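Shown below, as structure tokens, is a lone chain in the form predicted on its own; questions about how it binds or moves come after it.
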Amino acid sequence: MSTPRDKTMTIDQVVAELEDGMTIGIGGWGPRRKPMALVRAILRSELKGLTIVSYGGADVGLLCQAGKVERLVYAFVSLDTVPLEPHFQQARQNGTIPEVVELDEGMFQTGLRAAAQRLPFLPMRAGLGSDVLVNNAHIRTVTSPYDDGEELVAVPALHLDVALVHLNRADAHGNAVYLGPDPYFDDLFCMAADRAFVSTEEIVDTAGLTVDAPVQRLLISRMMVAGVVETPNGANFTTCTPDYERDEAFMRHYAKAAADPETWSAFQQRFLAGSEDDYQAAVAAWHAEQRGQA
């Protein structure tokens, strides 16, 4: 009898699967449960010309600042308590993102659903009468074939080459569970993609996935997943409730540094120039310094 395949990988092995020009969907929601360890690995890579699809946070800001984004499809890009992600704000104001597609949040979700169902589009009312259609001429409307004859927005599928998501627990085969309050559409990202990679706080035995959570929180099936990576604290500085909340102090340090090119250069050298282990150690050392100054 065959057993499910072991899909464990390292961070660098996942990034080695990515190619220039790919469309990459990044799960999570703003500053919540983002696969930041994988994003940081992309920053260290030579990848370029990417299309990024995201309910954006620092993932989008960092990739835009690094010049890796050719096309950005987003519903918002925010750090919540910092309303506009600073690198994204600068990129939009300076016009350094070659192509942007800004969608209503519901339209964005519908685009993922269309791709997950392998449909070219799905109809919806959101977007009608708004500047979303004015600023995105490629998005068309359709007329209902039924007696109502209603005009609807034909939201195009957001097909992804690759999805990157972060979950609280996963097994070696790619099944993954979230323990926090919200799935953040990570399952849609995975189903909309040709291949999906899951980073996780901890890889556990399959039976352990439902020890601390009902089976309904088993969000990601191994059938969706090409690889799984254990990355403790890998969503930092975003949330991974209940394992940890957003690192608000470090996030504000990041946002302040991003506002000034000289300060950013020092931040980048200290926190982003090395490996993921180097990043985690540098953040821990920074917190120790802050406690010493209190």
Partner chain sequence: MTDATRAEVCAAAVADCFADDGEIFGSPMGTMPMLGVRLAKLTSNPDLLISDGESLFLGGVPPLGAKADVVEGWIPFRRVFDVVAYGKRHVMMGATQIDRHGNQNISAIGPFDKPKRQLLGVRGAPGNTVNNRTSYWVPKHGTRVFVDQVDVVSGVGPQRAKQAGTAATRYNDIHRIVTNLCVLDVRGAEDTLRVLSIHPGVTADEVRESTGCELEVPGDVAETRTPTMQELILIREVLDPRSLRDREVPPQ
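Residue numbers count along the first chain shown, from 1. Remember, predicted model here, so these are calculated numbers, not experimental data.
We do not show the form predicted together with the partner chain, though everything after this point is about it.
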Task: the partner chain in the model of the complex reached by all of F88, N135 and L219, non-hydrogen atom within 4.5 Å - done: yes
TODO: Please run the contact check for H173 against the partner chain in the model of the complex: heavy atoms, 4.5 angstroms, yes or no?
DONE: no
Open item on the list: Whether F121 contacts the partner chain in the model of the complex should be assessed with a 4.5 Å heavy atom distance threshold; does it?
Closed with: no
Task: L158 within 4.5 Å of the partner chain in the model of the complex, heavy atoms - done: no
TODO: Indicate whether the partner chain has at least one heavy atom within 4.5 Å of a heavy atom of E150 in the model of the complex.
DONE: yes
Task: Residue among A75, L209, A116, A154 with a heavy atom within 4.5 Å of the partner chain in the model of the complex - done: A75
Task: the partner chain in the model of the complex: contacting segment from 27-35, 248-256, 230-238, 60-68, heavy atom within 4.5 Å - done: 27-35
Open item on the list: Under the 4.5 Å heavy atom criterion, name the residues of 95-115 that approach the partner chain in the model of the complex, in sequence order.
Closed with: G95, V100, E102, L103, D104, E105, G106, Q109
